[in-house]
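Starting off, we have a lone chain in the form predicted on its own, written out as structure tokens.
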């Protein structure tokens, strides 16, 4: 007869693996979504949370309302597991600081759950200008989404950090937080700026955004030049 587990022993659950991708998503497009899905699949994430910014400190004010940007992201991820939407930054009436978001998420998760913050190369290079940026790795691992055509060097402020914390294989990231890895991305030359410009000039953005997002843009007359 097999041994029965001791009822007094608590068996630890497997760590959850949660990705976080923030952005203005003004509008969300296939570059955001394809990159997110590639990372989620390659790292076996349980969830990848698209987190729209309310008032991003380092970006221009979004062109359309937070409500519209949230609705477009929600349209985009319907039926696309494990992509989900996390709207917490839109519920705060202050600038969207990533450290605040990570602290709130951490408080909701088990101590051993892994959190992966996804950053594009340009955003990563700008980290030294972020609010309390030195504390980010206390709450997450950082995945730098680097396109094969990126050839710029990181700023001096990040070189020591990379030397101490970088791991060559993103699948080798251990523990809940504290390390940095690079993830190569399929290059998709799509930007929200380009999409807004096309829409303002009356041109089609079909196949640059999901059909559901395009339908929402058309239904609400977003990004169109005033008559």
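Bear in mind the structure is a predicted one, so any value in this text is a computation, not a measurement. Residue numbers count along the first chain shown, from 1.
As for the form predicted together with ligand ATP, it is not shown, yet the points below apply to it.
**Student:** Spell out, yes or no, whether the shortest heavy atom distance between residue 23 and ligand ATP in the predicted bound form is within 4.5 Å.
**Tutor:** Yes, residue 23 is a contact residue.
**Student:** Within a 4.5 Å heavy atom cut-off, is residue 32 in contact with ligand ATP in the predicted bound form?
**Tutor:** Close contact exists here: in the predicted bound form, residue 32 approaches ligand ATP to within 4.5 Å, heavy atoms only.
**Student:** Quick one: is residue 120 in contact with ligand ATP in the predicted bound form, heavy atoms, 4.5 Å cut-off?
**Tutor:** Yes, contact at 4.5 Å.
**Student:** Are any of the heavy atoms in residue 187 no more than 4.5 Å from a heavy atom of ligand ATP in the predicted bound form?
**Tutor:** Yes, residue 187 sits close enough to ligand ATP in the predicted bound form that at least one of its heavy atoms falls within 4.5 Å.
**Student:** Can you work out which of 166, 191, 65, 42 has a heavy atom no more than 4.5 Å from ligand ATP in the predicted bound form?
**Tutor:** Filtering the options by heavy-atom distance leaves 191.
**Student:** With the partner removed from view, which of 24 to 32, 197 to 205, 158 to 166, 171 to 179 is the stretch that lies within 4.5 Å of ligand ATP in the predicted bound form, judged by heavy atom distances?
**Tutor:** Only one stretch qualifies here: 24 to 32.
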